[in-house]
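In structure tokens, one chain follows: the form predicted alone.
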Amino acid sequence: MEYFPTILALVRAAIKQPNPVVVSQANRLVKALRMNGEDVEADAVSKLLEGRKRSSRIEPSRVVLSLAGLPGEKITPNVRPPVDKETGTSLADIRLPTPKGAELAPVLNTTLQISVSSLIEEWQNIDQLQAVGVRPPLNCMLYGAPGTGKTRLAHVIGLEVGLPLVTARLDGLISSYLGTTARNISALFAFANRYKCVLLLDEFDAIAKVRDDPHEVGEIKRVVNTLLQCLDARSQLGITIAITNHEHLLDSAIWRRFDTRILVPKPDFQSRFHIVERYANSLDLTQPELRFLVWLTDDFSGSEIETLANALKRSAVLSTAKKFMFLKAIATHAMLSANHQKYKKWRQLLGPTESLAGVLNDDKDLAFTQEDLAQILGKDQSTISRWTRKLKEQETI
């Protein structure tokens, strides 16, 4: 369901206040979703309803979420991060909470949106869960291909939870001196455990690699052992988010320390459409042109789509004195980005325009009309009609 994340957010907001009518309508929504075979969405709404019941049993008057279940001091603007004793390099960056909406959230597919919303809800209600003896998982691993929005997602989660974000700095943590990296890791965790915060460990595989690497000389074992001890100690004290593009490089013991592991995949068709709309909004593209970009960016990460949109914007600005050539601008970007040429659709883009017209015309999911193809390819409809007719004749021979 395209707009289900919005519907889920509305349901979550509506059921915070006890209202039998709202609860009844939410239950009807669950039944309708199950009848349509949308069990994942139905389960998400059911979980919200069950959470409302549990919350009312614990503390009926509570309507404001609290993080009182987390120990630690409050981070103020005067608090400074720990530093490497030898070099004085900072081991972390501190980001205080900002108003919600200040961070542009990544576009997530429905299933991932449900998973992330569920995690945020648990972290926002830590005290309520602990009141009934439930231990919430306080650590999360975000993994997936580069450019899928994992770091941005971690920042948004931190903002939603309402805690300062303490982000580890690899240039400060990792040292060439034996024992210093492990000591820096201990200092970082000691700092994070002292305060109420979300500890973010980006590029996590740099310090959590498999300990049987034959190219290491023992230092990595010391680092990983220290990291294991620190993660165990923090599991009861504060929230930790780790991010990696190379989950296969992580030591298995490190992997097991994370109760929640979320794959952040490359965007699907609908997600790519929303990403293209977001980053190409100033280009005033037609719906066929937007759908063409979505088709062309199959298997792209969100970051790669953003890069393409920025290239088109630059081309549009430099074309102010003449007409913006949509297809030519994309082809130019492809020629300057050799990585794109590994994709079949981009090779078709750089091939004969007549052949590209045939490919787009035959794609039933796109359902392009000849008028659409004329807009995209910068040709008149008679030319498109002649090309498609010629290709069909060749197919019948």
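Bear in mind the structure is a predicted one, so any value in this text is a computation, not a measurement. We number the residues from 1 along the sequence you see.
Heads up, the form predicted together with a small molecule isn't pictured, but that's what we're talking about next.
Using a 4.5 Å cutoff between non-hydrogen atoms, Glu203 counts as a contact of the small molecule in the predicted complex. In the predicted complex, Val107 approaches the small molecule with a heavy atom inside 4.5 Å. Shown alone here, Tyr279 lies within 4.5 Å of the small molecule in the predicted complex, counting heavy atoms only.
At the 4.5 Å threshold, heavy atoms of Asn139 stay clear of the small molecule in the predicted complex, well away from it. The partner is not drawn, yet in the predicted complex one stretch among 219 to 227, 84 to 92, 151 to 159, 124 to 132 has residues with heavy atoms inside 4.5 Å of the small molecule: 151 to 159. Proximity to the small molecule in the predicted complex, taken as a non-hydrogen atom within 4.5 angstroms, holds for one residue of Pro164, Gly172, Gly147, Pro288, which is Gly147. The single contact residue among Ile275, Val198, Ala208, Ala182, judged by any heavy atom lying within 4.5 Å of the small molecule in the predicted complex, is Ile275.
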